[in-house]
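Read the single chain below, which is given as structure tokens and is the form predicted on its own.
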């Protein structure tokens, strides 16, 4: 499998021979997560699912930044502790992303639980003369790391002149960044240099090195983290360990609205709760995987509405494969012969996997998945989805669903019993040519979210996921 590495600006082979260790920079928990966060998390969740489907051993770590000026400012504004704010939004995160069918990481380290590791890392950098103590805190000396800028491809001269550089007269160099900030207010921790809080960048270095060690396989996050966050992580981590920090740097493109970056500062975000209530988990996952992960995608309601139609086709395909025709037709078309169908299934599977192995091209993989969906629905329209066909298509259909993290709604037992009772009653009315009464039952079922599929000798039903019922 090859993945584009931001550092080398080239596709690199991912070594899956032993264990694949992935560290994803998680959210800063001061507010609700939005669909931009969701895209990054869903991309890495799907990558993990695919690797696991290939039998790869995984270690997947995703942190929470739970100490940050934004959290502290929010806490002051609400007159509560910073811990109260971070706890609230961590809980909200899990609620939203569990609904999005995102698998839980192996660990979710919090910055506040790793202060000791951060202090030890800073101590080491001071001892090696890569960092120094100033009036306002401890800073990393960027000039000491000769490869600074190698990830973002930014030149030091340009950075010095750039508007991003923070002005602080206590720093030796305007590019130097904080490892430890001296503060008087809570939250703060004792350190050898005085009470303070960690800098943002040191948090991820300390946690990733603790849980994954140096030179782990993939370090990931959104493209907006390339500079300064990931650039600074590389500098301090490689100076600390003397080793390569990560083998592959994988970055996910932003979600835009009308071509503008989605961000809280612009006030144009769509929260995870909002998009879930409006579109549901499967539509959001399909949207987030619809384009190449490294490119931006635009949040478009028209596109999401089109995706609903595609999802209905998936639901239809699933129910047809689950309830095939029991008796083989003696006039089965030659196109359904095993000698023709089996190679096609093998090809769809190969195309799906090849797309994901080629820089994780989920858009191309989805095309392969929908080839199966469309083909099955075509056969269903001609009464050709037999047990023979189902046995060939259903296993690969389910495997692709699992990799993509898509989940078809299954009704509870009591509801299924009631649905079958109503369908039986409707069939009796139809046999008696009482079509008005039969239509009334169909409408009753539709209010329950149940759609009927009438075949020549039977009626199938789908419990559809509710979509578009929110704000």
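Positions refer to the first chain, counted from 1. Note that the rigid core is defined as the largest set of C-alphas that superpose within 1.5 Å between two forms. Computed from a prediction, not measured in an experiment: that's the story for all the values here.
Note that the form predicted together with the RNA isn't included here; everything after this is about it.
Among the residues 404, 27, 67, 51, the one placing a heavy atom within 4.5 Å of the RNA in the predicted complex is 27. A heavy atom within 4.5 Å of the RNA in the predicted complex is found for exactly one of 92, 81, 316, 277: 316. This chain is displayed without the RNA, yet in the predicted complex the stretch 247 to 255 from 247 to 255, 392 to 400, 113 to 121, 71 to 79 comes within 4.5 Å of it by heavy atoms.
The three marked residues, 1, 126 and 213, fail to reach the RNA in the predicted complex, with no heavy atom of any inside 4.5 Å. Interface residue remark: residue 209 is not counted as part of the site for the RNA in the predicted complex, having no heavy atom within 4.5 Å. Although the partner is absent here, residue 448 lies well away from the RNA in the predicted complex, with no heavy atom inside 4.5 Å.
Contact annotation: residue 136 falls outside 4.5 Å of the RNA in the predicted complex, judged by heavy atom distances. When contacts are judged by a 4.5 Å heavy atom cut-off, residue 324 does not count as touching the RNA in the predicted complex. Residues from 207 to 225 that approach the RNA in the predicted complex with a non-hydrogen atom closer than or equal to 4.5 Å are 221, 222, 224, 225, in the order they occur in the chain. Core-superposed comparison between the shown form and the other one: the Cα of residue 57 travels less than 2 Å. Positional change of residue 70 between the shown form and the other one stays under 2 Å at the C-alpha, relative to the superposed core. If you fit the rigid core between the shown form and the other one, you'll see the Cα of residue 434 move by 2 angstroms or more.
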